[in-house]
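Presented as structure tokens, the chain that follows is alone, the form predicted on its own.
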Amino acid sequence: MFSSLGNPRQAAAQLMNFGLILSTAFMMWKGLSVITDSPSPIVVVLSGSMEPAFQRGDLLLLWNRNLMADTSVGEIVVYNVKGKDIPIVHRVVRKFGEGPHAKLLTKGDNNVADDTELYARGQDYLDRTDIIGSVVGYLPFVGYVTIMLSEHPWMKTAMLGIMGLVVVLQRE
């Protein structure tokens, strides 16, 4: 089982395969980012604020290339709040103005009030530049893996260790 570790050429090949897998995944992510014009083309729903439309753990596919139409009322968008790192998935409930200078007000379907409390200090509405993308599709509950890995850091370490062992110990 550990005999492959004794051969430096085979160990180097396995290490290069592991690097190739990582770089391929990174390039696919960046390619998807360019195609969708979104810094984060796939996001996971982290709370129940959009129930019943989306459940916690749903994986959302985003699109940010609104070439022909503006963001409209009723559209579900993902946005970043200035100074915070967590994307928020909510529905546009009001729109003031047209074009790239339109102001948007959002609200979670399962929330009582709109999102003005979530916005940055001094910000009453979202600008179009705050939006990461509009939701165009979803995969139910697929994102629970991400939630489990972020809530239990030891699982992330164990998973990376197992993946590393599989790469090192695989036979070709």
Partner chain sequence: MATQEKITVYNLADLKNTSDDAIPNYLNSLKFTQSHRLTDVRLSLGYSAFVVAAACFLWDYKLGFESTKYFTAGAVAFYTLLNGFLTFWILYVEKGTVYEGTSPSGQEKIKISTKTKKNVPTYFVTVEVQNVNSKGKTTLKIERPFNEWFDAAGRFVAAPFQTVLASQVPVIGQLDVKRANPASAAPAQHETQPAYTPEMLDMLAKANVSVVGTTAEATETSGADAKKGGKRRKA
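Values in this document were obtained by computation on a predicted structure and should not be read as measured data. Numbering follows the first chain given and starts at 1. For the two forms, the rigid core is made up of the largest set of C-alpha atoms that agree within 1.5 Å on superposition.
One more form of this protein should be noted, the form predicted in complex with the partner chain, which is absent from this view; the next part is about it.
Asker: Name the residue from Gly31, Pro52, Pro140, Gly137 that puts a heavy atom within 4.5 Å of the partner chain in the model of the complex.
Answerer: After the contact test, the surviving option is Gly31.
Asker: Exactly one residue in Asp70, Asp127, Asp37, Asp114 has a non-hydrogen atom within 4.5 Å of the partner chain in the model of the complex; which is it?
Answerer: Exactly one residue meets the criterion: Asp37.
Asker: May I ask whether Arg9, Ala12 and Met16 each come within 4.5 Å of the partner chain in the model of the complex, counting any non-hydrogen atom?
Answerer: Heavy-atom distance to the partner chain in the model of the complex: all three under 4.5 Å.
Asker: Quick one: find which of 102 to 110, 22 to 30, 55 to 63, 118 to 126 has residues within 4.5 Å of the partner chain in the model of the complex by heavy atom distance.
Answerer: Of the options, only 22 to 30 has residues within 4.5 Å of the partner.
Asker: Taking the rigid core as the frame, does Met148 move its C-alpha by 2 Å or more between the shown form and the other one?
Answerer: For Met148, whose C-alpha is compared between the shown form and the other one after core superposition, the shift is less than 2 Å.
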